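Next up is one chain by itself, shown in structure tokens, the form predicted on its own.
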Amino acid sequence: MSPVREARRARVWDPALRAFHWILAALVIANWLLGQFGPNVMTLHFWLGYSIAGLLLFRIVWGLVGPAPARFVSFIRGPRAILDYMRHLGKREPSLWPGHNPLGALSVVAMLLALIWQVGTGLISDPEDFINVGPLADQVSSATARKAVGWHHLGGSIILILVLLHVAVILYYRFWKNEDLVRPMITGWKWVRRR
């Protein structure tokens, strides 16, 4: 039986999670661009960073109390599930996974951790320019605050790699596995395997 015949349409992503995803994507892209090409005074970069921190706090809470597909316990899997999923990754058929698949869950966790790192290092960074000092830089040693500048730049590179990998995987699923992962994140509806 073909995978499409085994599928049913299901509501997977709730409106709050979808809004979180697209707002976070826009803010991360804008803030990365500001960090690379922005003005010398990074006030807007700071404000977008605070907004990202608020979104991350929401996602952590939503991962604990939100609808089942949004909860961490529903999609974070162990090594056996990840390896089993990877064995079928090359097949030219949709995975029809309800919510985040085991590899997608790793991506979610990696992105959340990278963004938490980025917010944290931004809050304590002190580039010694007397302008772009993180609001918590005085809460750590001056050596740590100076090192945090480099850590923040490294975090930006890691986030860029994760975003590019995310887009590449979306394209892989669309064109190799014939599975659209973008539309469900807009509408909330996804084709999933029948139980």
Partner chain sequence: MRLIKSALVAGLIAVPVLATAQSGEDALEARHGYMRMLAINMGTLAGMAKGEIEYDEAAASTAGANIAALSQYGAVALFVPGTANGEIDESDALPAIWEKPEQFAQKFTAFAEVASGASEAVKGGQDNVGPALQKLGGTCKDCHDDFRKPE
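Since the model is a prediction, treat every value here as computed from it, not as a measurement. Positions refer to the first chain, counted from 1.
What comes next is about the form predicted in complex with the partner chain, which is not displayed.
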Segment assignment from 62 to 70, 163 to 171, 24 to 32, 144 to 152: heavy atom within 4.5 Å of the partner chain in the model of the complex: 144 to 152
Even though the partner chain is not shown here, does residue 127 get within 4.5 Å of it in the model of the complex, heavy atoms only? yes
According to a 4.5 angstroms non-hydrogen atom cut-off, is residue 55 in contact with the partner chain in the model of the complex? no
Heavy atom to heavy atom, is residue 139 within 4.5 Å of the partner chain in the model of the complex? no
4.5 angstroms heavy atom contact with the partner chain in the model of the complex for residue 159: no
